[in-house]
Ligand code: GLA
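Below you'll find only one chain, the form predicted on its own, shown as structure tokens.
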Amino acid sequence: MCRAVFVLALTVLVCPAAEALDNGLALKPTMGWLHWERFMCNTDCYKDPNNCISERLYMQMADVMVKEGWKEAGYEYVCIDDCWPSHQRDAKGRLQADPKRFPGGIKKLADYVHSKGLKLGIYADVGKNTCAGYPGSLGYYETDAQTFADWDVDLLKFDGCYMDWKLLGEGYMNMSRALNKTGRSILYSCEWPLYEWPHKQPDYKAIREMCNHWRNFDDVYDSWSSIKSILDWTASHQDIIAPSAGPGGWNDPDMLVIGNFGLSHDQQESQMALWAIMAAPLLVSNDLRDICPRSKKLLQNTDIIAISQDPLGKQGQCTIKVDSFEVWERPLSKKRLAIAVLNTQEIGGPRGFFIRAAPGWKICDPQCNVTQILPQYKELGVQTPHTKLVVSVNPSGTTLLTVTPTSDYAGLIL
């Protein structure tokens, strides 16, 4: 249920989030590029050499990330998803990259990515096979963890296909321990709760202790209906999942599909704004080599990224639904608040929203300074609890604001 949920800041101090995975990673939501939504399991390098899953693709993405400002903006991981391995393990039982598509092997690719000042992510599965039918890690957790460490991999996305759901937790915990045993810092991205939800409510305390971020819901598609379904699921389960998020561990609503084909620019702004509010990993899945300037500017918007990466590390929530608007709010460091107003109507033109209707607006007592981040940057000046300020929101678009109290106000946070 989408509703206002406020507790005193003191309560947060005495009731911290569950203990995080102790590997020193993901102290802020992860940022990077991940191949799956855009490139999927394209392994035909003969017919489509520019877009197939090959070492060339990741090297080119790494090059672009450095040359075109992505690294500078904070995107640091270049992540391989499914379909990279050979269909057979080697004579010692180790995973091996497809020799035609990765002739230099993963270690060479990791060296190349590291030479650019970036980090390399890879994909495996807790079950007997990956979702696309490549070898899974069941029975090989320590072997695969050590292989990834030997290759100098920096992130593991661990899927959950072809596994008895009753054994999921054990499998994810075993791989977490195996990764830590290697001595290499490898960020651990889990899909544990995604595969448990159809059967039972997952144990988020255990998940947070074992994983750096975790998928909860369906794969994202390049469509507004997909984005809406993820937001709806998150809002309806936020009382369960939001408390588990914080430095070291994050809820992952899946990839940013900004810069592809299915979203209008207003809808792209909505995904970017709401992923920042949700303290979600910002893992872009698009073709960085060929992206429209407006989408690139949005993804590299430093003001939105600052909300995403805010050091307080609290996940925002949907606080009210009214008149086909949704208000999402995230408490920020220095007693500030980010407010995203989503217009869920998909008909007509821009609609006005009285910002004082946002539940978090009470931090504006006696006054505050307001900055509009989206759709255009605009200083809205000093406001009061009784402001008449109306923000304009396009259909399926989002207006994103930051609110800074201008007095010494203890504050209420989500």
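We number the residues from 1 along the sequence you see. None of these values were measured; they are calculated from a predicted model.
Keep in mind the form predicted in complex with the named molecule is missing from the figure; the text below concerns it.
Contact check for A132: a heavy atom falls within 4.5 Å of the named molecule in the predicted bound form. When contacts are judged by a 4.5 Å heavy atom cut-off, K157 counts as touching the named molecule in the predicted bound form. Proximity of D219 to the named molecule in the predicted bound form falls within the 4.5 Å heavy atom cutoff. Taking the partner from the other structure, the named molecule in the predicted bound form has a heavy atom within 4.5 Å of a heavy atom of E191.
Checking D310, D81, E326, E196 against the named molecule in the predicted bound form, a heavy atom within 4.5 Å turns up for just one residue: D81.
Think of it this way: in the predicted bound form, the named molecule has a heavy atom of just one of K335, R208, K314, R215 within 4.5 Å, and the residue is R215. The stretch in contact with the named molecule in the predicted bound form, judged by heavy atoms within 4.5 Å, is 124-132, chosen from 143-151, 124-132, 238-246, 198-206.
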